[in-house]
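Below you will find one chain, with nothing else, as structure tokens; this is the form predicted on its own, and questions on how it binds or moves follow later.
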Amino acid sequence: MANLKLDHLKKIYEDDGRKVLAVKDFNMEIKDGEFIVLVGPSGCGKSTTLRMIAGLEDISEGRLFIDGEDVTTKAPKDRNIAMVFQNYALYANMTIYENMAFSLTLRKEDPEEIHKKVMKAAAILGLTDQLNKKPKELSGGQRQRVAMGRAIVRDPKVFLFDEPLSNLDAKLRSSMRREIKLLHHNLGATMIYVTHDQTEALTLADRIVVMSMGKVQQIGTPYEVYHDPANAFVGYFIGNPSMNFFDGRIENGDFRGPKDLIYPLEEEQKKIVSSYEGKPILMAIRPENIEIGGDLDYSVDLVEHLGQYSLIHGKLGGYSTVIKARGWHNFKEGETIKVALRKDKVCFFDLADGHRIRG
């Protein structure tokens, strides 16, 4: 497999004589065998970055290295990269066997070697009994496995996935996530995966790259980006439901909202926000870190029961707030309950630019 170095990559498009910066200074090293997920909203630059790695988009500035070799200007066919697309891109008139063997046939490889590679990939993906069928005879999940098999037989240095599960229903997406994770485990391959679905990012990745507006917001393990967001965007985008945010000020060692919320800070928290006395600030906490029982008043609007936990929607000090509580709770609309924020899980962000305040 391979390691990659994305050395300050930049992508600039021309639009009616105007330059549009689509990817800004993407800088990262990817280890051999890592599973990297690029995640972010539509238009954030994640697919453009993937296409630059594949050679399908020119790199405007910066350099791309694969195993130490500069491939910035190399054609896609010379990079030894395989890409799995969202729409499968299978040939309808060919059998599954022919689809999987197609790239090897084009390279005029030995037919016996082609057969061995196709059968091995089919066995890995559970497609052995489907090889004589046409794509239209398969389910969406099976077609996606064929697309992955076509990539596997090439024995590439790097696998690229461009939102491969977005055409599948929720149940099939879940099973395909497991299959892709197992595929990575079995192959030990370097994989780069693009998605807008943060559940896919959290469940698949060794490291996640969170992007917004063409810029990398944070690179870290799933645990790091979830529990230690670098800025308010990451806190909002990663997690479902997202973080609860409260805008207010630090006054005499307390966080005070513009409505009814007064939250006394502990000494360690006071040190973190000491330079923000009298200034606007964002306080945030994840829904599962608000506990039932405490000294803060919470007005219930709605309860959603989701099996092992309940999502409680309501107001905390006038702010719309979601609580994710274990168990089945039957609070009534308009009921006031007491809650507490877990002190060690409260985060603070600069209200102006959203960066994390760490003291």
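Quick caveat, the model's predicted, so the values are computed rather than measured. In this text, residue numbers run from 1 along the sequence as written.
Another form exists, predicted together with adenosine-5'-diphosphate (ADP); not displayed. Remarks below refer to it.
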property	result
Open or blocked: site for adenosine-5'-diphosphate (ADP), pose in the model of the complex superimposed, 2.4 Å backbone/C-beta cut-off, 3-atom minimum	open
Partner-proximal stretch of 34 to 42, 293 to 301, 321 to 329, 58 to 66 relative to adenosine-5'-diphosphate (ADP) in the model of the complex, 4.5 angstroms, heavy atom	34 to 42
4.5 Å heavy atom contact, A340 to adenosine-5'-diphosphate (ADP) in the model of the complex	no
Any non-hydrogen atom of D15 within 4.5 angstroms of adenosine-5'-diphosphate (ADP) in the model of the complex	yes
is_contact(S310, adenosine-5'-diphosphate (ADP)) in the model of the complex, heavy atom dist at most 4.5 Å	no
Contact of A22 with adenosine-5'-diphosphate (ADP) in the model of the complex (heavy atom, 4.5 Å)	yes
